[in-house]
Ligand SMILES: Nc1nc2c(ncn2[C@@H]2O[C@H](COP(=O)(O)OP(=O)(O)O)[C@@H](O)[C@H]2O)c(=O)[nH]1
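Have a look below at one chain only, the form predicted on its own, in structure tokens format.
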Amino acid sequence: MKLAMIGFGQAGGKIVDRFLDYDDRTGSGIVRAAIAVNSAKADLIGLDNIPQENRVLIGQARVKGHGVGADNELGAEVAEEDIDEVQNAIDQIPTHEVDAFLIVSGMGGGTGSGGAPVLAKHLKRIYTIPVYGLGVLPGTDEGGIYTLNAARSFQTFVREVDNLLVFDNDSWRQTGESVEGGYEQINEEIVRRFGILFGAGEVGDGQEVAESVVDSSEIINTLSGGGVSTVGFASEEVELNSGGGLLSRFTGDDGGGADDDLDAANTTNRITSLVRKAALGRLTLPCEIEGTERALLVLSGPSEYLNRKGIERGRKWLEEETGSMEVRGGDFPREEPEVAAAILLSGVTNVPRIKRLQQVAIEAQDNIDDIQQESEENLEELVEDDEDELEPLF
């Protein structure tokens, strides 16, 4: 799938920057164009891979390149005011070569959480190709203002995009990690999962064509209907044998001329196990998979270890677990030392994290209102006391 990626805000810019690095390392060809938008000049300077001409600084008249300070209402305002600056960069994209836009944003800060929904609405008004969002939820330990921002942004973002893919930092931060190290690892996890998902069907020169192709239309159809999506992922390493061919724990082949039927059955079982692990393990947004509206299964790895029977059995298992009749599946041959299963679950509804986020945001808003009212009352008392003690000037 060919994407025009737009990183909005600090987190969004870093993730898109990492996608370009992934594209370069793997030759996946996902990113047809990449743009970074921010109100903080320093964040744009810190990017490594996005071309200078595709780094757009907004809000200069309001915040003079210093960012919006986690104020997502201000982030939305500067995005609306400077939308033409962003459009000028988008105009350079050959949109006839692009399957969809993907707006990537952290949902807890100011610029991205405020501006990304504004851009999504703008793009959907102008273009006919899908506009997707990839939103990153802040950890619950990052503070009340970030939770409140995320709750506000989520409600708006999911309404403005054709589908919102969500990654929850809370599920991925490791205890004892430094903040910078934690986010580096999280960004790599995001890119790896979505890279395999969106990379399916993109065949370069000399690459094998999949037996059961997953092309961009399969992904678009799975994401159709809107709502919220999550991605599951599981992988198992493969090894090189001394003869130069691929042997693997995955197939159970010990190089001793084991029966082909036994190997095929073993491979089928291993693929099914990998699919189960991907769906029931750590999703990008933890949720109950029962009730999922649509799903897509992509099995990637060396073609000799991707059998159709295993993929079909995994697809049927997903149908049973989700209760959905719209479960697509296919393979993605890659000469990488692993077999991986990526599962896109679209239209999920039973998401405890989102429910908690909304509840915490309501409580945070009530606290803010109480504090503001108390502050106004204290100020009035302070002014009245001063008036009693001071002689008037006139």
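Given the structure is predicted, the values throughout are model-derived calculations rather than measurements. Note that residue numbering begins at 1 and tracks the sequence as displayed.
One more form of this protein exists, namely the form predicted together with this ligand; it is left out here, but the text below deals with it.
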Per-stretch contact check against this ligand in the model of the complex, the hit in 157 to 165, 131 to 139, 307 to 315, 222 to 230 (non-hydrogen atom, 4.5 angstroms): 131 to 139
Contact at Asp43, Gly106 and Gly110 by this ligand in the model of the complex, all three, heavy atom at most 4.5 Å: yes
Heavy atom of Asn169 within 4.5 Å of this ligand in the model of the complex: yes
4.5 angstroms heavy atom contact with this ligand in the model of the complex for Phe194: no
Exercise: Ala278 in contact with this ligand in the model of the complex, heavy atom 4.5 Å: no
4.5 Å heavy atom contact, Gly69 and this ligand in the model of the complex: yes
Partner-contacting position among Ile186, Leu148, Cys287, Val118 - heavy atom within 4.5 Å of this ligand in the model of the complex: Ile186
Partner contacts in the model of the complex for 10 to 27 (non-hydrogen atom within 4.5 angstroms of this ligand): Gln10, Ala11, Lys14, Ile15
